[in-house]
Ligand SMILES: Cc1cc2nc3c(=O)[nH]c(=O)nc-3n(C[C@H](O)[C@H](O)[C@H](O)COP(=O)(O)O)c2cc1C
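Before any questions on binding or motion, here is one chain by itself as structure tokens, the form predicted on its own.
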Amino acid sequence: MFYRRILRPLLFLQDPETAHERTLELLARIHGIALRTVRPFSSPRLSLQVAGLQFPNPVGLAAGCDKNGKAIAVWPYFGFGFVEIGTVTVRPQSGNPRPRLFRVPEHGALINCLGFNSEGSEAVARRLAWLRRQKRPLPVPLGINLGKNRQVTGYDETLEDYRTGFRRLARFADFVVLNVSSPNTPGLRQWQERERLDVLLEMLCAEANALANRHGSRPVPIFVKISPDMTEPDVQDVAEVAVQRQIAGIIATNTTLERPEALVGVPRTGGLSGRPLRDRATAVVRLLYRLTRGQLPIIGVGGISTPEDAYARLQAGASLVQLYTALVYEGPCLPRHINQGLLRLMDRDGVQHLSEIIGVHA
């Protein structure tokens, strides 16, 4: 209530990106304190294992919020069961010109044309190395989202870009996400195509195995994040490649280039996120679950802002869910509220453990 009545109106007086940056800088200042004191929201009924990792609850922070990992330890304090930072590019880049982030409050949506603004993999690696030296493990799984630099356009150059980012950052991650679906980097979405995706995954799975052999550990799980704008045959291609390469799972979905008719007067370029994306993102999760026969974990993201949204996404086939845009409108108490709401919905339906509802409506 405090956030919606007092803090949000103050933040909304500022440009969206400026408000986000100032909030993140504030959270970064308490990062070290949070690392010493944080305990994630946890319940035996919500805890589950996905891709060999233990998640205290199924609600995660989506990529795009904490791009450079400045406030990693703060997010579990708000109730998140896992954190995904990024998208991180190999070399620093400023992204597209401002303004490039727009609110659509009447629809609970954002439009972003950021273009992978990133401090670069070396800066993020230094930050993650510092976090590891604190000898206080993050109490939730950490994912790192990788993307390619804008100036990298060639086929071989793109493969090498992802390889370099993976080699530099994978050792700090509990799981790695390949972003091949942002609409704001020219040519990126073509890496969702069957042949290109297969080559990319073959290369990075080999890198993961080599890293595991060097350190005597298991390979870091790899997820692919896909677009909501794909046709059904294209989604099927991704699903088949993912299963064939035995990757950890798929994140569905990124932002959309589509604009519902109700969104009048909003920017036509950039990725749309938030409530207008909800139904489409749910449909993609349901399709993926059917195509993979429930054998490949799916992380559902896009338009989740209530416990009912999260519950429906899990019933459609997601094993975990993520959110970001809804935080802008509902505030930092949202992940805890969603987790508590999931428990109430499970009580209503006589469900003992979250795993019982995954895919029941696929």
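Predicted model only: the values in this text are computed from it and were never measured. From 1 onward, residues are counted along the sequence shown.
What comes next is about the form predicted in complex with the ligand, which is not displayed.
Screening 159-167, 229-237, 208-216, 113-121 for residues having heavy atoms within 4.5 Å of the ligand in the predicted bound form returns a single hit, 113-121. Using a 4.5 Å cut-off to the ligand in the predicted bound form, not one of N57, G79 and P297 places a heavy atom inside that distance. Although the partner is absent here, P221 is not a contact residue: none of its heavy atoms lies within 4.5 angstroms of the ligand in the predicted bound form. Contact check for L101: a non-hydrogen atom falls within 4.5 Å of the ligand in the predicted bound form. In the predicted bound form, the ligand lies within 4.5 Å of some heavy atom of A63. In the predicted bound form, at least one heavy atom of G303 sits within 4.5 Å of the ligand. In the predicted bound form, just one residue of 177-194 lies within 4.5 Å of the ligand by at least one heavy atom: N179.
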